[in-house]
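One chain comes next, on its own, written as structure tokens: the form predicted alone.
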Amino acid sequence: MSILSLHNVSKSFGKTEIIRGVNLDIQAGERHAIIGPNGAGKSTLFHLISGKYQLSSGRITFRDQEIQNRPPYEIARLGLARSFQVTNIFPRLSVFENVRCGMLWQQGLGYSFRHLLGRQTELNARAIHLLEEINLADRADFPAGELAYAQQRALELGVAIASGADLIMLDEPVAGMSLSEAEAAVSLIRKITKGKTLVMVEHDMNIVFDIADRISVLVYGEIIASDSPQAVRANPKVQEAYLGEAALAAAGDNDA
């Protein structure tokens, strides 16, 4: 059952067409990676889905509701959350406060100043539990901006989960991390998105083939393949357009 569908989605900036008639179905509960060379339009596609950019043409449905060209906050409240290439947190708030802010709308509190959040015992307990899940409970009182880079990325994922979203979109979640940090991040992504739908843009092919149930390849604004990791690895068009036989073979060796 599709939770997110793109129907002939296009986006142009002036006379430059970036996304060219993309059709894509994301199944509920799957882990779906979108890959492609630099400039293929991957982040633009994320911006179109999450409401940062408006479509030039086409439709996007989330849970059978059309969401194209709606404000990002409306889309988020429907249950779709995303991260960005550049970490997007409240740096002056504590780690705990960042996570708690992510929970407010889900708990029916909105952003009302009528509620004394210190008295919201259940809300605060849930925030602490989530911090334990993302291994940041010992940093709860730290200003978020003082966390190490990998910890800030973990916090951003935690805020997305805190919103109660069923579909999580991650834009290059391990970019800029060391090998050990990336391995820890992948383990965290697996744990924290269990039972949810994950859509991910990532350049590290080892991580893509390790996590994804299905992979879509975007080249010059068009989807040239959308299939299982094994089928994508064997696809001659993908090998020619992006990955290369050596990269695919290396990913295959790491899967063995």
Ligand SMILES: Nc1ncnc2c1ncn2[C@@H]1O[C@H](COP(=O)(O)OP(=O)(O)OP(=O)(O)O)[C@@H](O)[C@H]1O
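In case it trips you up, residue 1 is the first one in the sequence shown, and so on. None of the values given here were measured: they were computed from a predicted structure.
FYI, the form predicted together with the named molecule isn't displayed, but the following is about it.
Novice: Quick one: from E172, E133, E181, E97, grab the residue that has a heavy atom within 4.5 Å of the named molecule in the predicted bound form.
Specialist: It is E172 that has a heavy atom within 4.5 Å of the partner.
Novice: Considering non-hydrogen atoms and a 4.5 Å limit, which listed residue (A40, I26, V217, I60) is close to the named molecule in the predicted bound form?
Specialist: Flagged contact: A40.
Novice: May I ask you to state whether I18 is within 4.5 Å of the named molecule in the predicted bound form, using heavy atom distances?
Specialist: I18 belongs to the contact set for the named molecule.
Novice: Is there a heavy atom of H203 no more than 4.5 Å from a heavy atom of the named molecule in the predicted bound form?
Specialist: Yes, H203 lies within 4.5 Å of the named molecule in the predicted bound form.
Novice: Please tell me whether any heavy atom belonging to Q68 falls inside 4.5 Å of a heavy atom of the named molecule, as the geometry stands in the predicted bound form.
Specialist: Output for Q68 is no: heavy atoms all beyond 4.5 Å of the named molecule.
Novice: Does any heavy atom of Y53 come within 4.5 Å of a heavy atom of the named molecule in the predicted bound form?
Specialist: Residue-level check for Y53: yes, a contact with the named molecule.
Novice: Going by heavy atoms within 4.5 Å, which of 204 to 212, 42 to 50, 60 to 68, 223 to 231 lines up against the named molecule in the predicted bound form?
Specialist: Result of the contact check: 42 to 50.
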